[in-house]
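Only one chain is given next, in structure tokens, and it is the form predicted on its own.
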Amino acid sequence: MTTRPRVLVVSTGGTLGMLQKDPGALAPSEVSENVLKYVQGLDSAVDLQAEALWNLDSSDMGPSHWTALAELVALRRESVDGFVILHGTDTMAWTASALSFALEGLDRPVVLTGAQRPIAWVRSDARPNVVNSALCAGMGIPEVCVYFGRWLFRGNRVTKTSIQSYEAFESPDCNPLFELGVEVRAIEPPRAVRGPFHVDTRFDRNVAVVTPLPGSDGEALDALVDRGVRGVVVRAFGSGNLPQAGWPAAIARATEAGVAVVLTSQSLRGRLDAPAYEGGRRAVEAGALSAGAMTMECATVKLMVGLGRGLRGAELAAFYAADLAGEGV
């Protein structure tokens, strides 16, 4: 007799479990605690358990919630074969990135999923997302993942690209791990387990993101430094270019004040190559770090992690350049 994988479904809220109050907007509802009744038959393939941590719109989640999720995984890890975290789509990429860094040496699947429409609605993407996520959680993949549409992605490589499509997430510059269509098709091999399991949930919240505009002069970065931030992610143009009038000087002032500056791109795809253009070259010379091929969400969370662990200067630069969880450095 084949033993069914033990999968813990953790409910945190989000559209998947929401109800619409008529008239009114979608809002969290107790239905999120009863999701499993909409996926009858799944228990023939996996041994399902369920736990509700909270019932929040994901826009209200942040580092304290990432910490609670990581600690729950650590607490339940030896009693289950995998986890499914039901999560709102708006900040799912942020949470997935945070867990990928917090759960060091992870040796079993942690799969985040959600939906564009509530599971109680007749026409919803929620049921297949939950079913396939639970199946993936029983496949022994030692990574934090996101399942959405028909794809299982590496969690720290996804970003939400659509508010209307049932395939709402993409993984720029990183192939999905699996496609779950008529057949289950392996695409990219999962990462190997690295070292013993350990949880580190130190996140520095005092980090900001700024988007330069054509013709801007870096005053927005100066204002953030004046407010006392410890790190800033600058969403540069293209391969990492910036206006030469003001931005390199502002970055130099920030780094001299002990504020870490990371360059990422406003473009969805491609690896950063800041020195390819003069504005980017001068930004790097002023002390800016490169996000490589990381998404904006992952680049920001990794900066929060590095600063939270007390890293500064050359130590932070080395940490940021290291491949910790397949994030695309």
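One-based numbering along the sequence shown. Just so you know, these numbers come straight off a predicted model, no measurement behind them.
A second form of this protein, the form predicted together with a small molecule, is not displayed here; the remarks below concern that form.
Novice: Although the small molecule is absent from this view, report whether Thr89 comes within 4.5 Å of it in the predicted bound form, heavy atoms only.
Specialist: Yes, Thr89 is a contact residue.
Novice: Using heavy atoms and a 4.5 Å limit, would one call Thr15 a contact residue for the small molecule in the predicted bound form?
Specialist: Within the cut-off, so yes.
Novice: If you check in the predicted bound form, is Gln116 within 4.5 Å of the small molecule, heavy atoms only?
Specialist: Taking the distances in the predicted bound form, the answer for Gln116 is yes, it comes within 4.5 Å of the small molecule.
Novice: Does the 4.5 Å heavy atom contact test between Asp273 and the small molecule in the predicted bound form come out positive?
Specialist: Contact with the small molecule, no.
Novice: Hey, of 108-116, 202-210, 244-252, 187-195, which bit sits against the small molecule in the predicted bound form at 4.5 Å between non-hydrogen atoms?
Specialist: Selected stretch: 108-116.
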